[in-house]
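To begin, one chain is listed below as structure tokens, in the form predicted on its own.
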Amino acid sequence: MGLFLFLGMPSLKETLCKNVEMNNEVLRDFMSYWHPLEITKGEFISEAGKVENYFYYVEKGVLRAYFIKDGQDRSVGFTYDGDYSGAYDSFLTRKPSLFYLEALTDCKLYRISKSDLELMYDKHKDVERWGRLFNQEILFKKGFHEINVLSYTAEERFERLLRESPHMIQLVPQKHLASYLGMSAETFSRLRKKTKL
């Protein structure tokens, strides 16, 4: 789940080609398997306990991934314009998802099914390479987030959020950001007031 750029949101085409050069024929074929989907604020595209059949690209909107523990939901990530999204572990393993993926705003998405993605991997070496590089990126970001939560104080995590993803303050409700950073809503509010946001 990558960084958001305000100037010129990347299109699905640009995002697919970000790490791998594909010739026009391969790219056209690959893109033809991504189908548009619109959902409204509050809708779910993935639910805990269900197997995820699709992987998504967010053209417009904000999605939140979370799980429920001890009666409280805990945010694990956010995706927004120009980013990929989904219960990717469930999509790959065909096991029930451990978390929910909810629209925080109305969203315009593209999605590809597991069977279609596998077909593309078998058909085009460039698409298979895209998948390999994408998986590497996901593993890196997961490790980075775990280190961030376990190794830094609440204040340091908040400062990193402001430095690396300041747009999140406007996009995501405070309670969800606090949960994502592993702190109470009160601590988040205090740190926000301290920085005069």
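All residue numbers refer to positions in the sequence shown, first residue = 1. If you're wondering where the values come from, they're calculated on a predicted model, not measured in any experiment.
Although not depicted, the form predicted together with the DNA is the subject of the following passage.
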Testing 152-160, 128-136, 26-34, 54-62 against the DNA in the predicted complex with a 4.5 Å heavy atom criterion leaves exactly one stretch, namely 152-160
Residues Lys13, Glu21 and His167 are flagged as a possible site; in the predicted complex, is every one of them within 4.5 Å of the DNA by some non-hydrogen atom?
no
Decide whether Lys41 counts as a contact residue for the DNA in the predicted complex under a heavy atom distance cut-off of 4.5 Å.
yes
Partner proximity in the predicted complex: Thr93 to the DNA, non-hydrogen atom cutoff 4.5 Å
no
Is Cys17 close enough to touch the DNA in the predicted complex, meaning at least one heavy atom pair within 4.5 Å?
no
Contact with the DNA in the predicted complex for Ser115, defined as at least one heavy atom pair within 4.5 Å: yes or no?
no
Taking the DNA in the predicted complex, which residues along 159-194 bring a heavy atom to within 4.5 Å of it?
Pro173, Gln174, Lys175, Gly182, Met183, Ser184, Glu186, Thr187, Ser189, Arg190, Arg192, Lys193
